[in-house]
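One chain is shown next in C-alpha coordinates, namely the form predicted on its own.
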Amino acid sequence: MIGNFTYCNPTKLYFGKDALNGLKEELPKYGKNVLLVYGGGSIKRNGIYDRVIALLKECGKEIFEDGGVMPNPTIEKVKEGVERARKAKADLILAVGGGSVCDYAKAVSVSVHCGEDVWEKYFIRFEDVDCEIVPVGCVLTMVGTGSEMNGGSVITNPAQKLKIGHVFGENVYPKFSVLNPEFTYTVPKYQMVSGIYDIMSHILEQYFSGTDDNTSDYLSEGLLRSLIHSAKIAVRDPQNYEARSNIMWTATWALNTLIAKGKSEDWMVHMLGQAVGAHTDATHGMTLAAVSIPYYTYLLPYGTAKFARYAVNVWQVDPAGKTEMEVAREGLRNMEAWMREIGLVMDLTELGATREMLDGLVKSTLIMDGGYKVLDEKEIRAIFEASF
(Lines give C-alpha, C1' and ligand atoms only; values in the text may rest on other atoms or scores of the structure.)
Protein backbone atom coordinates (compact mmCIF):
# COMPACT_ATOMS: atom_id res chain seq x y z
CA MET A 1 0.00 0.00 0.00
CA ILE A 2 1.42 3.37 -1.01
CA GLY A 3 1.35 5.93 1.78
CA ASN A 4 0.09 9.49 1.48
CA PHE A 5 2.45 12.00 -0.10
CA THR A 6 2.74 15.25 -1.98
CA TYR A 7 5.05 15.42 -4.97
CA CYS A 8 6.48 18.46 -6.70
CA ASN A 9 9.71 18.91 -8.61
CA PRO A 10 10.11 22.41 -10.05
CA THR A 11 13.46 21.91 -11.83
CA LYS A 12 13.35 22.36 -15.60
CA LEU A 13 15.72 20.06 -17.50
CA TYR A 14 17.43 20.53 -20.84
CA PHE A 15 18.78 17.17 -21.99
CA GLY A 16 20.86 16.14 -25.00
CA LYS A 17 23.64 17.26 -27.27
CA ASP A 18 22.15 20.75 -27.72
CA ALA A 19 21.12 21.16 -24.07
CA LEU A 20 23.48 24.07 -23.41
CA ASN A 21 21.31 26.23 -25.66
CA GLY A 22 18.81 26.12 -22.81
CA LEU A 23 20.89 28.83 -21.13
CA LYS A 24 19.66 31.28 -23.77
CA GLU A 25 16.12 30.64 -22.60
CA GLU A 26 16.86 30.66 -18.86
CA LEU A 27 19.42 33.41 -18.32
CA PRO A 28 17.14 36.31 -19.36
CA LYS A 29 14.84 35.40 -16.45
CA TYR A 30 17.41 36.55 -13.89
CA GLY A 31 19.23 39.75 -13.06
CA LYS A 32 22.54 40.85 -14.47
CA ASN A 33 25.00 39.47 -11.91
CA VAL A 34 25.93 35.79 -12.19
CA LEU A 35 28.24 33.93 -9.82
CA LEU A 36 29.88 31.20 -11.88
CA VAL A 37 30.80 28.26 -9.64
CA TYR A 38 33.07 25.43 -10.75
CA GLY A 39 35.64 22.94 -9.50
CA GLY A 40 39.31 22.32 -10.15
CA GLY A 41 39.52 23.69 -13.66
CA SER A 42 38.68 20.70 -15.88
CA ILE A 43 35.94 22.75 -17.56
CA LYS A 44 38.65 25.10 -18.81
CA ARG A 45 40.63 22.23 -20.31
CA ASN A 46 37.68 20.58 -22.05
CA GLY A 47 36.19 23.79 -23.47
CA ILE A 48 32.93 23.85 -21.49
CA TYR A 49 34.03 26.96 -19.59
CA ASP A 50 34.54 28.96 -22.79
CA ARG A 51 31.14 27.90 -24.14
CA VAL A 52 29.37 28.91 -20.94
CA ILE A 53 31.22 32.24 -20.73
CA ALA A 54 30.27 33.01 -24.32
CA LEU A 55 26.59 32.37 -23.61
CA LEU A 56 26.68 34.46 -20.43
CA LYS A 57 28.19 37.36 -22.35
CA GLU A 58 25.72 36.89 -25.20
CA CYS A 59 22.93 37.28 -22.64
CA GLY A 60 24.52 40.45 -21.24
CA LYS A 61 25.55 39.07 -17.86
CA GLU A 62 28.16 40.41 -15.48
CA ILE A 63 30.28 37.39 -14.54
CA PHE A 64 31.83 36.79 -11.13
CA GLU A 65 33.80 33.58 -10.61
CA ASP A 66 34.05 31.17 -7.70
CA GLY A 67 36.35 28.31 -8.73
CA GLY A 68 38.17 25.65 -6.79
CA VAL A 69 35.19 23.81 -5.32
CA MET A 70 36.63 20.55 -3.98
CA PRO A 71 35.08 17.06 -4.41
CA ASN A 72 33.93 17.13 -0.77
CA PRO A 73 32.99 20.81 -0.31
CA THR A 74 33.89 22.17 3.11
CA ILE A 75 31.96 24.59 5.28
CA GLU A 76 34.90 27.01 5.05
CA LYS A 77 34.62 26.99 1.27
CA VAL A 78 30.88 27.65 1.60
CA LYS A 79 31.62 30.69 3.75
CA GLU A 80 34.09 31.90 1.11
CA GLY A 81 31.42 31.45 -1.57
CA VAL A 82 28.91 33.39 0.50
CA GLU A 83 31.28 36.36 0.64
CA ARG A 84 31.86 36.18 -3.10
CA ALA A 85 28.12 36.03 -3.76
CA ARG A 86 27.47 39.00 -1.47
CA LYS A 87 30.23 41.05 -3.07
CA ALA A 88 28.85 40.23 -6.52
CA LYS A 89 25.27 40.92 -5.42
CA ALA A 90 24.53 37.71 -7.28
CA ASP A 91 21.17 37.36 -8.96
CA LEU A 92 21.92 33.78 -10.02
CA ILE A 93 24.44 31.13 -9.03
CA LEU A 94 25.40 29.03 -12.06
CA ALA A 95 27.07 25.77 -11.05
CA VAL A 96 29.13 24.15 -13.81
CA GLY A 97 30.47 20.78 -12.72
CA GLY A 98 29.47 17.61 -10.94
CA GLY A 99 27.32 16.97 -7.92
CA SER A 100 29.73 18.51 -5.44
CA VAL A 101 29.66 21.81 -7.31
CA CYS A 102 25.85 21.71 -7.43
CA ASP A 103 25.63 20.82 -3.72
CA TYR A 104 27.99 23.67 -2.90
CA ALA A 105 26.02 26.14 -4.99
CA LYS A 106 22.84 25.28 -3.08
CA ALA A 107 24.61 25.65 0.26
CA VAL A 108 25.81 29.10 -0.79
CA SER A 109 22.37 30.02 -2.13
CA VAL A 110 20.65 29.48 1.23
CA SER A 111 23.44 31.16 3.20
CA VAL A 112 23.96 34.49 1.43
CA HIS A 113 21.10 36.16 3.31
CA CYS A 114 21.24 33.98 6.42
CA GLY A 115 22.12 35.86 9.61
CA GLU A 116 23.06 32.75 11.60
CA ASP A 117 25.88 30.20 11.65
CA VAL A 118 24.97 28.20 8.56
CA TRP A 119 26.68 24.98 9.68
CA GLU A 120 24.75 24.92 12.95
CA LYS A 121 21.46 26.00 11.38
CA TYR A 122 21.37 23.76 8.33
CA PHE A 123 23.70 20.84 8.98
CA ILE A 124 23.40 20.32 12.75
CA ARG A 125 19.86 21.49 13.54
CA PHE A 126 18.53 20.74 10.01
CA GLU A 127 16.33 23.82 10.06
CA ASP A 128 14.33 25.08 7.10
CA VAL A 129 15.41 28.11 5.11
CA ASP A 130 13.70 31.25 6.38
CA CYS A 131 15.60 33.86 4.41
CA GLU A 132 15.86 34.99 0.79
CA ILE A 133 17.45 32.39 -1.52
CA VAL A 134 19.72 33.16 -4.46
CA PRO A 135 18.45 30.95 -7.31
CA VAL A 136 20.70 28.20 -8.68
CA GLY A 137 21.09 26.79 -12.17
CA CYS A 138 23.29 23.81 -13.09
CA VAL A 139 25.35 22.71 -16.07
CA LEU A 140 26.23 19.11 -15.27
CA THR A 141 29.61 17.66 -16.23
CA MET A 142 29.65 14.51 -14.08
CA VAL A 143 26.77 12.30 -13.03
CA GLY A 144 26.03 10.48 -9.79
CA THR A 145 24.51 12.65 -7.11
CA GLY A 146 21.22 13.69 -8.74
CA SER A 147 21.90 17.13 -7.26
CA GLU A 148 20.77 18.68 -10.54
CA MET A 149 17.12 17.93 -9.69
CA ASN A 150 16.86 17.86 -5.91
CA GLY A 151 17.40 19.96 -2.79
CA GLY A 152 20.28 17.96 -1.39
CA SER A 153 23.51 19.57 -0.25
CA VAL A 154 26.30 17.55 1.39
CA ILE A 155 28.96 19.59 3.17
CA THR A 156 32.02 18.51 5.17
CA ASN A 157 33.31 20.03 8.38
CA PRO A 158 36.91 18.76 8.58
CA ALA A 159 37.46 20.17 12.08
CA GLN A 160 34.51 18.21 13.45
CA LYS A 161 35.13 15.13 11.25
CA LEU A 162 31.55 15.33 10.00
CA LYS A 163 30.13 15.06 6.49
CA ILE A 164 26.43 15.85 6.56
CA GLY A 165 23.70 16.29 3.99
CA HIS A 166 20.70 18.57 4.32
CA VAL A 167 17.78 17.92 1.97
CA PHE A 168 16.30 21.36 1.44
CA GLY A 169 12.77 21.97 0.18
CA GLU A 170 11.66 22.52 -3.40
CA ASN A 171 12.37 26.27 -3.14
CA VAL A 172 16.09 25.40 -3.10
CA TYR A 173 16.00 22.98 -6.05
CA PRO A 174 17.91 24.23 -9.11
CA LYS A 175 15.59 26.33 -11.22
CA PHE A 176 17.01 24.64 -14.32
CA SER A 177 19.67 22.10 -15.20
CA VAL A 178 21.55 21.45 -18.43
CA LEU A 179 22.35 17.78 -19.08
CA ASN A 180 24.55 17.02 -22.09
CA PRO A 181 25.96 13.46 -21.86
CA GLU A 182 28.92 14.49 -24.03
CA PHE A 183 30.07 16.79 -21.21
CA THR A 184 30.79 13.67 -19.12
CA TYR A 185 33.15 12.04 -21.66
CA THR A 186 36.34 13.50 -20.20
CA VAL A 187 35.64 12.45 -16.61
CA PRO A 188 38.41 10.02 -15.51
CA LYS A 189 37.32 6.39 -15.24
CA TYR A 190 37.75 6.32 -11.45
CA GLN A 191 35.36 9.25 -11.07
CA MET A 192 32.93 7.88 -13.65
CA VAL A 193 32.72 4.52 -11.90
CA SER A 194 32.39 6.21 -8.53
CA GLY A 195 29.45 8.20 -9.86
CA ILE A 196 27.85 5.06 -11.25
CA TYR A 197 27.91 3.43 -7.85
CA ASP A 198 26.56 6.56 -6.20
CA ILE A 199 23.56 6.23 -8.53
CA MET A 200 23.08 2.58 -7.60
CA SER A 201 23.36 3.36 -3.91
CA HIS A 202 20.74 6.10 -4.15
CA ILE A 203 18.29 3.64 -5.65
CA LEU A 204 19.07 0.89 -3.14
CA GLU A 205 18.73 3.25 -0.18
CA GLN A 206 15.12 3.83 -1.23
CA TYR A 207 14.45 0.26 -2.40
CA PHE A 208 15.54 -1.69 0.68
CA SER A 209 12.70 -0.67 2.97
CA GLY A 210 9.10 -1.67 3.40
CA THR A 211 7.32 -4.95 2.72
CA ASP A 212 4.35 -3.76 0.65
CA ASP A 213 3.70 -3.97 -3.10
CA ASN A 214 4.81 -0.48 -4.10
CA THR A 215 5.04 0.97 -7.61
CA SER A 216 8.18 2.84 -6.59
CA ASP A 217 10.01 -0.48 -6.19
CA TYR A 218 9.15 -1.54 -9.74
CA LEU A 219 10.54 1.77 -11.00
CA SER A 220 13.69 1.20 -8.96
CA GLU A 221 14.23 -2.26 -10.43
CA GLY A 222 14.00 -0.90 -13.96
CA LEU A 223 16.45 1.89 -13.20
CA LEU A 224 18.87 -0.61 -11.68
CA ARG A 225 18.76 -2.93 -14.68
CA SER A 226 19.41 -0.03 -17.03
CA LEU A 227 22.31 1.20 -14.91
CA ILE A 228 23.96 -2.22 -14.63
CA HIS A 229 23.74 -2.74 -18.38
CA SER A 230 24.95 0.73 -19.37
CA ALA A 231 27.78 0.75 -16.83
CA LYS A 232 29.40 -2.28 -18.42
CA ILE A 233 29.31 -0.56 -21.80
CA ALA A 234 30.60 2.78 -20.49
CA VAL A 235 33.57 1.14 -18.78
CA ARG A 236 34.60 -0.44 -22.09
CA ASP A 237 33.67 2.54 -24.26
CA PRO A 238 33.50 5.81 -22.27
CA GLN A 239 32.32 7.78 -25.31
CA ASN A 240 29.35 5.55 -26.07
CA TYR A 241 26.61 8.18 -26.18
CA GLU A 242 23.76 5.77 -25.60
CA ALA A 243 25.32 4.32 -22.47
CA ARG A 244 26.42 7.69 -21.07
CA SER A 245 23.03 9.27 -21.75
CA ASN A 246 21.22 6.37 -20.07
CA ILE A 247 23.49 6.67 -17.04
CA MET A 248 22.95 10.42 -16.86
CA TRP A 249 19.17 10.09 -17.08
CA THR A 250 19.12 7.26 -14.53
CA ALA A 251 21.17 9.37 -12.11
CA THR A 252 18.62 12.17 -12.26
CA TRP A 253 15.65 9.88 -11.64
CA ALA A 254 17.48 7.97 -8.93
CA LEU A 255 17.36 10.95 -6.60
CA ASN A 256 14.80 13.51 -7.76
CA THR A 257 12.55 12.18 -4.93
CA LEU A 258 10.12 10.30 -7.22
CA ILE A 259 10.98 6.71 -6.27
CA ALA A 260 10.96 7.57 -2.57
CA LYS A 261 7.32 8.56 -2.58
CA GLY A 262 5.03 6.37 -0.50
CA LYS A 263 8.00 4.63 1.13
CA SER A 264 10.31 4.76 4.09
CA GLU A 265 14.00 5.07 3.20
CA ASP A 266 17.17 3.54 4.63
CA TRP A 267 20.25 5.76 3.92
CA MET A 268 22.59 3.91 6.30
CA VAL A 269 25.08 3.13 3.51
CA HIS A 270 25.39 6.87 2.95
CA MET A 271 25.83 7.55 6.65
CA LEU A 272 28.60 4.93 6.83
CA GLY A 273 30.24 6.17 3.63
CA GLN A 274 30.03 9.83 4.63
CA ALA A 275 31.74 9.04 7.93
CA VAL A 276 34.60 7.52 5.94
CA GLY A 277 34.69 10.58 3.71
CA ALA A 278 34.83 12.91 6.71
CA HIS A 279 37.95 11.12 7.99
CA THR A 280 39.74 10.43 4.70
CA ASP A 281 38.37 12.90 2.11
CA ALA A 282 37.96 9.84 -0.16
CA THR A 283 35.77 9.89 -3.26
CA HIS A 284 32.13 9.61 -2.21
CA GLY A 285 30.95 6.78 -4.45
CA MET A 286 33.95 4.66 -3.52
CA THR A 287 33.25 5.05 0.20
CA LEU A 288 29.72 3.77 -0.46
CA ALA A 289 31.02 0.82 -2.46
CA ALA A 290 33.46 -0.21 0.26
CA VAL A 291 30.78 -0.48 2.96
CA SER A 292 27.82 -1.72 0.91
CA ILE A 293 28.38 -5.48 0.73
CA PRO A 294 29.24 -5.75 4.45
CA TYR A 295 26.18 -3.68 5.35
CA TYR A 296 23.76 -5.54 3.10
CA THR A 297 25.15 -8.91 4.19
CA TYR A 298 24.40 -7.91 7.77
CA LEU A 299 20.94 -6.66 6.81
CA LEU A 300 19.93 -9.85 4.93
CA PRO A 301 18.17 -11.64 7.81
CA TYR A 302 16.01 -8.58 8.51
CA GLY A 303 14.81 -8.03 4.94
CA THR A 304 15.28 -11.43 3.30
CA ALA A 305 12.17 -11.31 1.13
CA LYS A 306 13.15 -7.98 -0.43
CA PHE A 307 16.72 -9.09 -1.04
CA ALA A 308 15.41 -12.24 -2.73
CA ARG A 309 13.14 -10.11 -4.94
CA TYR A 310 16.14 -7.92 -5.77
CA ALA A 311 18.14 -11.00 -6.73
CA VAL A 312 15.45 -12.30 -9.08
CA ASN A 313 14.20 -9.05 -10.63
CA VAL A 314 17.50 -7.20 -10.93
CA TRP A 315 20.20 -9.89 -11.12
CA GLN A 316 18.10 -12.60 -12.85
CA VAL A 317 18.82 -15.20 -10.17
CA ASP A 318 16.86 -18.43 -10.81
CA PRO A 319 15.00 -19.21 -7.55
CA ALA A 320 14.12 -22.80 -8.49
CA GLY A 321 15.07 -25.27 -5.76
CA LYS A 322 16.59 -22.59 -3.51
CA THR A 323 15.53 -21.12 -0.21
CA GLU A 324 14.68 -17.45 -0.01
CA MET A 325 17.93 -16.78 1.84
CA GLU A 326 19.96 -18.68 -0.76
CA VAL A 327 18.40 -16.59 -3.52
CA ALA A 328 19.09 -13.39 -1.59
CA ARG A 329 22.74 -14.29 -1.00
CA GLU A 330 23.24 -15.17 -4.66
CA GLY A 331 21.91 -11.75 -5.60
CA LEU A 332 24.49 -10.06 -3.40
CA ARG A 333 27.24 -12.22 -4.89
CA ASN A 334 26.17 -11.13 -8.37
CA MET A 335 26.14 -7.52 -7.24
CA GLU A 336 29.63 -7.82 -5.79
CA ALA A 337 30.93 -9.43 -8.99
CA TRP A 338 29.54 -6.54 -11.05
CA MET A 339 31.06 -4.02 -8.66
CA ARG A 340 34.48 -5.62 -9.05
CA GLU A 341 34.04 -5.90 -12.82
CA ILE A 342 33.53 -2.16 -13.29
CA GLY A 343 36.43 -1.30 -10.97
CA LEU A 344 34.94 -0.16 -7.67
CA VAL A 345 36.94 0.00 -4.45
CA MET A 346 35.82 -2.76 -2.09
CA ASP A 347 38.20 -2.21 0.83
CA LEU A 348 38.39 0.83 3.10
CA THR A 349 42.16 0.47 3.28
CA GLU A 350 42.40 1.54 -0.36
CA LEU A 351 40.62 4.77 0.58
CA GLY A 352 43.08 5.71 3.29
CA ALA A 353 41.08 4.44 6.25
CA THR A 354 42.81 2.53 9.03
CA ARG A 355 41.60 0.40 11.91
CA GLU A 356 42.93 3.07 14.24
CA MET A 357 40.16 5.29 12.88
CA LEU A 358 37.37 2.91 13.99
CA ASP A 359 36.33 4.85 17.07
CA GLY A 360 36.14 8.06 15.05
CA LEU A 361 34.28 6.42 12.18
CA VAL A 362 31.64 5.05 14.54
CA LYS A 363 31.28 8.42 16.26
CA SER A 364 30.90 10.22 12.92
CA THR A 365 28.13 7.89 11.67
CA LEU A 366 24.60 9.23 11.97
CA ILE A 367 22.05 6.50 12.74
CA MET A 368 18.94 6.34 10.55
CA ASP A 369 15.72 4.47 11.32
CA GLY A 370 14.02 3.93 7.96
CA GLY A 371 15.50 0.58 6.93
CA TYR A 372 15.03 -3.01 8.02
CA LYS A 373 17.23 -2.68 11.11
CA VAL A 374 18.18 0.28 13.27
CA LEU A 375 21.87 -0.20 14.00
CA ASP A 376 23.59 0.40 17.29
CA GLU A 377 27.21 1.50 17.65
CA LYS A 378 28.44 -2.07 18.14
CA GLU A 379 26.84 -3.12 14.83
CA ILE A 380 28.22 -0.08 13.04
CA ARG A 381 31.69 -0.97 14.27
CA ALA A 382 31.29 -4.56 13.05
CA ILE A 383 30.24 -3.36 9.59
CA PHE A 384 33.24 -1.04 9.36
CA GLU A 385 35.54 -3.87 10.47
CA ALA A 386 34.11 -6.09 7.73
CA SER A 387 34.76 -3.31 5.22
CA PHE A 388 38.54 -3.52 5.66
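Numbers follow the displayed sequence, beginning with 1. All values derive from a computational prediction rather than experimental measurement.
The same protein also has a form predicted together with a small molecule, omitted here; what follows describes it.
- Partner proximity in the predicted complex, defined as non-hydrogen atoms within 4.5 angstroms of the small molecule, places exactly one of 224-232, 87-95, 141-149, 121-129 at the interface: 141-149.
- The closest non-hydrogen atom of residue 206 lies beyond 4.5 Å of the small molecule in the predicted complex.
- In the predicted complex, at least one heavy atom of residue 103 sits within 4.5 Å of the small molecule.
- Within 4.5 Å of some heavy atom of the small molecule in the predicted complex lies at least one heavy atom of residue 183.
- The closest heavy atom approach of residue 153 to the small molecule in the predicted complex falls within 4.5 Å.
- Remark: none of the three candidate residues (279, 343 and 365) comes within 4.5 Å of the small molecule in the predicted complex, counting heavy atoms only.
- Only one of 290, 255, 134, 193 comes within 4.5 Å of the small molecule in the predicted complex through a heavy atom, and that residue is 255.
- Proximity to the small molecule in the predicted complex, defined as a heavy atom within 4.5 Å, holds among 69, 328, 35, 361 only for 69.
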